[in-house]
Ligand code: AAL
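First, one chain by itself in structure tokens, the form predicted alone.
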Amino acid sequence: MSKIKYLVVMVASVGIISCGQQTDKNATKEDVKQEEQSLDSLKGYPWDIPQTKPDRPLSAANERLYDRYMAPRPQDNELFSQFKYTELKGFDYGKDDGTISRRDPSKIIKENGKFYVWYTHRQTVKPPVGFSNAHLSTDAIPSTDWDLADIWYATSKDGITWEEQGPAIKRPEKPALGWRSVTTTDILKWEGKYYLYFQAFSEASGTKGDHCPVAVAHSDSPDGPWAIVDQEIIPNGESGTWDQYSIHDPYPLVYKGKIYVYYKAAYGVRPEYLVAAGLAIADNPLGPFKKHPLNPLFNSGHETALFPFKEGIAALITRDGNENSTIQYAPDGVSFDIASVSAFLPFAAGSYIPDAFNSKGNGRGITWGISHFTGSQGYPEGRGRKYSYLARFDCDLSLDLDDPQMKDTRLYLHPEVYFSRKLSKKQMERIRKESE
């Protein structure tokens, strides 16, 4: 088929195959008839799935199959994986009464023959009163699970059994930035030094939403001591902009010789708000950081979880938005698009990324990390544990691993998993009334 004739057929396919669309208004009846005959003369789509895009008109779905994804079959897609979870050893949650919590792990690095992870640690006299009851919180009683928290760290030889090392960053004295709570940290290694970026709260979470900027501490060793820089490193946006109230989940990577810190913000009025991530770039860990003009770079997601992959950056998109439960990829670290759709993606994933700071345009991907489960996950109407806890996840999003079990698209779960997703009392009452 000549290129000119192929182009005519492709144009015709948009109008003829797509339901509800019309053909070119300038086309004559004879033109349309010829185009229809050309399509009718096409042979059926090949039984043996072509590994490269076939030279023929395609439906919109099959166009996406070759243009969007790294392979037509998910089993061959390096950015598709299932996720499996393992309980961690070495963390004590006391009496399981909600007074001890661990959440929001950092990415994992390996130094001195050990894996290191940092996380939000809360140990309070009572469990949180809840976001909506933040006005009832005190200097000793937290409003949320991440209120009145410090940043702790742990080390491990195998990634399953961990030894908690204690606090890395404690809340500073009032009125220093972060005096109320320091949370949701992540690690950067740059020119032999270590930097922890974190959220710095100067008021109880919930009293004015979750307002806070990003701060940083630095050290010559992953074991500290850490010196807090008492200033905003990435400030909130200008009034009226999407990140005017909060810069959350700072997530640093070294990319193209610069420091890329991805961060999230919740914007819009609750409960119709969106959560999305943006990017700030600097030449120095202490800034100044310049926010990318296209922010936010995502339209979905709840946390920041990214890693170098090939020449670009990949991201795990969990929970919120139309594109939740997707894995996305940007060859330039900015223009993200869906690379695969999966299930049970890890919440607040902190991956082990050996080349987080030195990928040099050849990111190898990830195979495991640590995530958290929150108290209400899996329990209708918020029942369950009153705290968060850390768990390990494993996957195959790596160019160096070939694990067919992780690439299986079929996900079989025990019926009790489905039945745990019960209707609420309000929903049951609606059904009862509809049946009367």
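Because the structure is predicted, anything quoted here is derived from the model rather than measured. Numbering starts at 1 and runs along the sequence shown.
Not pictured, yet referred to below: the form predicted together with the named molecule.
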| property | result |
| --- | --- |
| Candidate from 146, 83, 260, 194 lying within 4.5 Å of the named molecule in the model of the complex - any heavy atom | 146 |
| Position in contact with the named molecule when the complex is considered in the model of the complex, options 199, 351, 101, 137, heavy atoms within 4.5 Å | 199 |
| The named molecule contact at residue 186 in the model of the complex, heavy atom, 4.5 Å | no |
| Interface membership of residue 78, the named molecule in the model of the complex, 4.5 Å heavy atom rule | no |
| Residue contact check: residue 249 to the named molecule in the model of the complex, 4.5 Å heavy atom | yes |
| The named molecule contact in the model of the complex: residue 243, any heavy atom under 4.5 Å | no |
| Candidate stretches 333-341, 228-236, 172-180, 299-307, one within 4.5 Å of the named molecule in the model of the complex by heavy atom | 299-307 |
| Within 203-228, the residues that have a heavy atom no more than 4.5 Å from the named molecule in the model of the complex | 210 |
